[in-house]
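Presented as structure tokens, the chain that follows is alone, the form predicted alone.
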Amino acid sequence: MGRLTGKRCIVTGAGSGIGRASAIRFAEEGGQVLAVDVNEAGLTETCAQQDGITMMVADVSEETAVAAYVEKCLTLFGGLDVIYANAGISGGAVPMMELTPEHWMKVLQVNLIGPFLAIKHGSPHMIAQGTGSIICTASVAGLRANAGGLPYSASKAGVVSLVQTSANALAGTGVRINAICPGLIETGMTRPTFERARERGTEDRIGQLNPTRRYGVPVEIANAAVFLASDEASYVNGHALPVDGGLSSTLPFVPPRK
């Protein structure tokens, strides 16, 4: 029996990267999974890789779309036990003085308001049954500077605060809310970093600043999400879990030459 057997799950941003890996791992662990993304082709590919996944195209930054994906999960599976609000955008590497309020709003709408809406619309159904797990993707960029652009980093810091404040707002309801803070993971979002390193022949140096001395892959974040979604994490609440090879444990330093 899988760790998520019997659990009705939603994973957003499931058309690629961490979201795809998480939807697949949730299904492998026995969960019924509704995969949500704006990218229909990506969702189709995710569903083709694993049985037990149903897809829905939706924009997580729109409240009507969030309410609709929650309702679809209830209709399909008869309930809702887990939401992994993972969908996000990087916002690019735009210099501070060139940023506009519109750019900020787009990043915040997807990365921070999207998870808030997932909590707002998903938690009432979990409260009614007395149990549930909501997971949000934050980032090491929300813990320390220089791991992402300004709007991205601020949005992810907001996610950390969101799970802390929401966990306390729902105290005593049986609903747990946690965040995962990925380090450098090879996904579509980080592809330019990896492509530049490979062009320079420095791929072996990617991730060298963390104690594990390598970058991560999406399934390593998905495995953490499975844990937080499962009953094994029944006493984990209001926590932002770094999954970063130890990067956030250190101050900046120059690694010794080998």
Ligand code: NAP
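Numbers for residues come from their place in the sequence shown, where the first is 1. Just so it is clear, the model here is predicted, and its values are computed rather than measured.
Absent from the display: the form predicted together with the named molecule. The rest refers to it.
> Quick one: which of 116 to 124, 83 to 91, 96 to 104, 165 to 173 gets within 4.5 Å of the named molecule in the model of the complex, going by heavy atoms?
Contact criterion met by 83 to 91 only.
> Answer with one of Cys47, Val38, Leu209, Ala233: the residue that has a non-hydrogen atom within 4.5 Å of the named molecule in the model of the complex.
Looking at Cys47, Val38, Leu209, Ala233 one by one, just Val38 meets the 4.5 Å heavy-atom criterion.
> Quick check on this chain: which one of Leu108, Leu150, Leu184, Ala157 has a heavy atom within 4.5 Å of the named molecule in the model of the complex?
The option sitting close enough to the partner is Leu184.
> Flag this candidate site as yes only if Gly15, Ile18 and Asp59 all have a heavy atom within 4.5 Å of the named molecule in the model of the complex; otherwise mark no.
All three within 4.5 Å in the model of the complex.
> Flag Ala138 as yes or no: does it have a non-hydrogen atom within 4.5 angstroms of any non-hydrogen atom of the named molecule in the model of the complex?
Result yes; Ala138 sits at the interface with the named molecule in the model of the complex.
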